[in-house]
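Presented below, as structure tokens, is a lone chain in the form predicted on its own.
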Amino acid sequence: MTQAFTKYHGLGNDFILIDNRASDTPLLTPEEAVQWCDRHFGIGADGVIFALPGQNGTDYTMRIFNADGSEPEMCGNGIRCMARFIADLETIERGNARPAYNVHTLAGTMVLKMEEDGQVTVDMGQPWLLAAEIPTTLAAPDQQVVRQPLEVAGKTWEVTCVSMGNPHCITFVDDVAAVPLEAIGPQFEHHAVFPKRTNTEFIQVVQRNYLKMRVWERGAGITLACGTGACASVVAGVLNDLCDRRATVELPGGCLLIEWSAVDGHLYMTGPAQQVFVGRV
């Protein structure tokens, strides 16, 4: 039996998309996803995304297995890729695609809007800021974690923690290019203060409306972009009075526009998603 797939990327954060609409169960196991994501012996990707039937009135459900087989709650670049994937499927099947979708994820329902210029805007919902919600033991469960000291690799870092449905640890640095990400990223991810591990973002403030970011993703390692991380970093910047509520975040793979609305408290992420190729395994 062969399985069709389509490869997409969002700013270089790449995913294998599978049409899983005929079943509520992912068509691959986590172990098979690891094999598919292998860049030498498989297709190569940061994760495998399954487009499943909707739940509780939503249009679709997104499940994702990381390159290491773990399952994250959400993925910002991944959900933009899924939006483009389902729009492409609908265009083939119906001749057109809907302008917006409601997608169920393990982090809640996400609203995806297809922009006329080909980009996708995602209503990422409100950030979770309390230590118990992230989760982390860096502060009391009902307290925010803002500019807290954390010892990693023999150095004390000031970190701010945010959850976008998945955990993020953000630290501000003078030069993101100088961060030894491959060496210290795993130490942040597996630090004892993060019981569910964490994504880690290193942020350089260029201007109040422009940030540079490098990321170590939980379960994927160094990636070219992370949408939830970009959202969490703008929240952390606002909490530390280092950036505005609307800012461009420059990642190694390109830029995302992030807005933390003062009206509804939601984060809105706008960025591209592009098809790379289709195939069968």
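Worth saying up front: this structure is predicted, and the values here are computed from it rather than measured. The first residue of the sequence shown is number 1, and the count goes up from there.
Only in words, not in the display: the form predicted in complex with a small molecule, which the text now covers.
Novice: Mark residue 226 yes when one of its heavy atoms lies within 4.5 Å of a heavy atom of the small molecule in the predicted complex, and no otherwise.
Specialist: Residue-level check for residue 226: yes, a contact with the small molecule.
Novice: Taking heavy atoms and a 4.5 Å cut-off, does residue 105 contact the small molecule in the predicted complex?
Specialist: Because no heavy atom of residue 105 falls inside 4.5 Å of the small molecule in the predicted complex, the answer is no.
Novice: Residue 127 versus the small molecule, in the predicted complex: is there a non-hydrogen atom within 4.5 Å?
Specialist: Residue-level check for residue 127: no, no contact with the small molecule.
Novice: Could you confirm whether residue 61 comes within 4.5 Å of the small molecule in the predicted complex, counting heavy atoms only?
Specialist: No, residue 61 stays farther than 4.5 Å from the small molecule in the predicted complex.
Novice: Using a 4.5 Å heavy atom cut-off, are 72, 75 and 166 all in contact with the small molecule in the predicted complex?
Specialist: Per the other structure, all of 72, 75 and 166 touch the small molecule.
Novice: Hey, of 30-38, 242-250, 53-61, 211-219, which bit sits against the small molecule in the predicted complex at 4.5 Å between non-hydrogen atoms?
Specialist: Result of the contact check: 211-219.
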